[in-house]
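Starting off, we have a lone chain in the form predicted alone, written out as structure tokens.
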């Protein structure tokens, strides 16, 4: 059987697609979690910076035209953290520097009490800067106080590193779980196809009935097409059986009629050359009849091999009836048929096929057995039920024994004997269809022994 071309594993394609999607989702989860956490952490720092700046501005006042700011300790203590971030400040009055770090400056906010935040660099460190303003009104004066407060971001960087690590672990855990779920989902999905495959595989050759079990919606078209195919196969097999049966009748009947006329004519013809011609005609008719019969038998067996009609068969009774019907043929050839059986030998098989196989084996023995000899036929129970046919003919050529069951293959010692080379083929195919075997051996003292087991 030619190997079916494949385009890759559907399971692998599904797993790769699902795991690829899981990896993308895990990456998005990491980025979203990290960015959201960074935003929350930054908002926390901004809130503390804004509160510290507002606390300093609350301490500002005007006395006699002079701005007085008593920097409250609480304003800086609330900025303290485990990383000992440095804090810088600068105070401006109407854009005039008053106190703090002179190089620290930032644009003024748009309105009092509305701090603005930005990230920049100061003194070689990354800092977060808040700018807040407050308008102070004295007795004869109105002035604007602006405070710029900055804090390094070591604590925030450490926090973001921990958050990133946790987010990475969360993403990895999500990816691992998604990968496991992908394998599970893929196995579950492919399992439906495996179930269908096993259902087809477990069916016997004769079972061409439609599938009735529920299947997923996506598989319904496949199962529908499969059911339609099996329906067409069943119809085709039935038509083939009917055709072969009809062909067997239409071929055998005319040949039998022609042979009968030739035999009758032979009895009335006196000239030696005419009698020789008629004998050659009868022989040709016999060869044609046998070849046609065996070809039809082989065709029937080939068709029925995949569509067996299994029944409870008594092998001993079937072979005994066949021996009784072939006894007149043996008598015409001066041969005896000896039948032996161990009582009833029940088997489960196709009686038509078994009968064809045994008839061909007995017919072979009758052809090759010498006159005045006995063809021995026996049916045994076990260890496997079998039929053995033995004769005292020339036997099987040792170097050809392994090939004699091939179609149209005949041994060299069969020359001059009517035959088509299909008898052993038919028996072999019947044995194979019944999970049996056909064994060929040579008898001690000369002759052939054929064993057909089931």
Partner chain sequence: MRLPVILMLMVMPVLAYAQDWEDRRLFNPSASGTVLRILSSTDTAVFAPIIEAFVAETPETGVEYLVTSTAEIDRLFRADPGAYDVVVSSAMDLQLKLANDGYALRLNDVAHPSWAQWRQSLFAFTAEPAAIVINRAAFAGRDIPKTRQDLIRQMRDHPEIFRNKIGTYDIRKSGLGYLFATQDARASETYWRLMEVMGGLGAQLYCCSGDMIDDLASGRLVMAYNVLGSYAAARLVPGGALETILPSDFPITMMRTAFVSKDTGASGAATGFVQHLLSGEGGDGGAEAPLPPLDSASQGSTIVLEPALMTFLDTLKRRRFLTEWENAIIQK
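Fair warning: this is a prediction, and the values are worked out from it, not measured in the lab. Positions refer to the first chain, counted from 1.
Keep in mind the form predicted together with its partner chain is missing from the figure; the text below concerns it.
Option touching its partner chain, based on a heavy atom within 4.5 Å in the model of the complex, out of 363, 85, 376, 234: Looking at the other structure, the residue within range turns out to be 85.
Please identify the residue among 189, 123, 144, 118 with any heavy atom within 4.5 Å of its partner chain in the model of the complex. It is 123.
Is there any non-hydrogen atom of residue 184 lying within 4.5 Å of its partner chain in the model of the complex? Result no; residue 184 lies far from its partner chain in the model of the complex.
Would you classify residue 226 as touching its partner chain in the model of the complex, given a 4.5 Å non-hydrogen atom cut-off? Flag for residue 226 set to no.
Would residue 158 count as touching its partner chain in the model of the complex under a 4.5 Å heavy atom rule? Residue 158: no contact with its partner chain in the model of the complex.
Tell me, yes or no, whether residue 322 is in contact with its partner chain in the model of the complex, where a contact means a heavy atom of each within 4.5 Å. Result no; residue 322 lies far from its partner chain in the model of the complex.
Between its partner chain and 179, 193 and 218, in the model of the complex, does every residue show a non-hydrogen atom at 4.5 Å or closer? Contact check failed for every one of 179, 193 and 218.
Which one, 332 to 340, 69 to 77, 256 to 264, 314 to 322, holds residues whose non-hydrogen atoms are within 4.5 Å of its partner chain in the model of the complex? Only one stretch passes the 4.5 Å heavy-atom test: 69 to 77.
Residues within stretch 142 to 173 having a non-hydrogen atom within 4.5 Å of its partner chain in the model of the complex: Contacts from 142 to 173: 152, 154.
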